[in-house]
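Presented below, as structure tokens, is a lone chain in the form predicted on its own.
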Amino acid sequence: MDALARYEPIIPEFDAFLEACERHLPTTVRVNSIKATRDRVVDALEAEGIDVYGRDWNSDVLGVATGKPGKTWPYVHGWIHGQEEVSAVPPAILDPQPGEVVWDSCAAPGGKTTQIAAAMDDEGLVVANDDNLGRLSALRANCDRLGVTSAAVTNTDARRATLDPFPGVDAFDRALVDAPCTCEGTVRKNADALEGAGASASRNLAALQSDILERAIELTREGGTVVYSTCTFAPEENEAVVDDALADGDCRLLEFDTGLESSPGITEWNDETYDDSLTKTRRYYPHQNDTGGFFAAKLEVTA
């Protein structure tokens, strides 16, 4: 946990945070409303002898008393998708609507893509992009298993993405940038997550993250929504990246509330200061909701 020590000045109840990072992560699944209702899923899981408990902030997120939800009947038939609870936050913030055109810039393996499609009642277009060809098979497989028909899978560098493959689409209504990151927030399920983590690794990734976010803003219509998220605690990859986007003047931060306990984004880190509006971003720490760690920002495109 030494790699996390640098965050002590910004994380409330730091000892509780460290203790939570060392605990086992509860298993959660997301109900796939394209194929099943919450009640049908609960009945099916309980019929297999699996205890199920709800999560107050999102009725489609369920805790399950099994470490292998992928071996259950509801999973095989596409009624549920194994998804860490806080990972369901960015699509919920994005709030996509039926009939819209939405870009998931870094989509594989597809948990958030399929959540977006379900929120849209599988109506409209979800452009699910990933630059890693080897991960596209998992993305396609999850879309197929979950019955998603509104997704178009693309394989391109998100920094250079265009709308050319989609004649008639002038801009995206919404875009999700769940950016590649140092993944510190996944330490509860991946003991190796902190290997190589640190300020240097975060700074190296920040340029890539900024470029993808900039492209998402460029491709989204005026008045449209862009959500930026990571599963890391590093300000270099979180507030600093959003601050760079704000400096370009083509977007503004929006407030949001998911119902989960969280902390506001920071406006100072080491020798850096960020725009005061960064307090509208949210930091989700493991000890607050017994989840992994996440960061999320909701932006409105203004030009």
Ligand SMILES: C[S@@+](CC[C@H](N)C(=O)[O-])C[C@H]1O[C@@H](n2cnc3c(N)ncnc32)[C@H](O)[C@@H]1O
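Please read all numbers here as calculations on a predicted model, not as lab measurements. Don't overthink the numbering: it's just position in the shown sequence, from 1.
From this point on, the text means the form predicted together with the ligand, which you will not see here.
The pocket of the unliganded chain is judged open, since the ligand, transferred from its pose in the predicted complex by superposition of the C-alphas around the site, places no atom within 2.4 angstroms of any backbone or C-beta atom. None of the heavy atoms of T220 is located within 4.5 Å of the ligand in the predicted complex. Proximity of P180 to the ligand in the predicted complex falls within the 4.5 Å heavy atom cutoff.
Residue contact check for A108: one or more of its heavy atoms lie within 4.5 Å of the ligand in the predicted complex. For the chain shown alone, D157 is a contact residue for the ligand in the predicted complex, at least one non-hydrogen atom being within 4.5 angstroms.
For the candidate spot formed by L253, T258 and T279, no residue has a non-hydrogen atom within 4.5 angstroms of the ligand in the predicted complex. The contact with the ligand in the predicted complex, taken as any heavy atom within 4.5 Å, belongs to L208 out of A199, A138, A152, L208. Listed residues V148, I212, V187, V89 were compared with the ligand in the predicted complex; I212 is the one with a heavy atom within 4.5 Å.
With the partner omitted here, the stretch from 71-79, 171-179, 190-198, 220-228 that lies within 4.5 Å of the ligand by heavy atoms in the predicted complex is 171-179. Although the ligand is not shown here, in the predicted complex the stretch 116-153 places heavy atoms of N129, D130, D131, N132, R135 within 4.5 Å of it, in sequence order.
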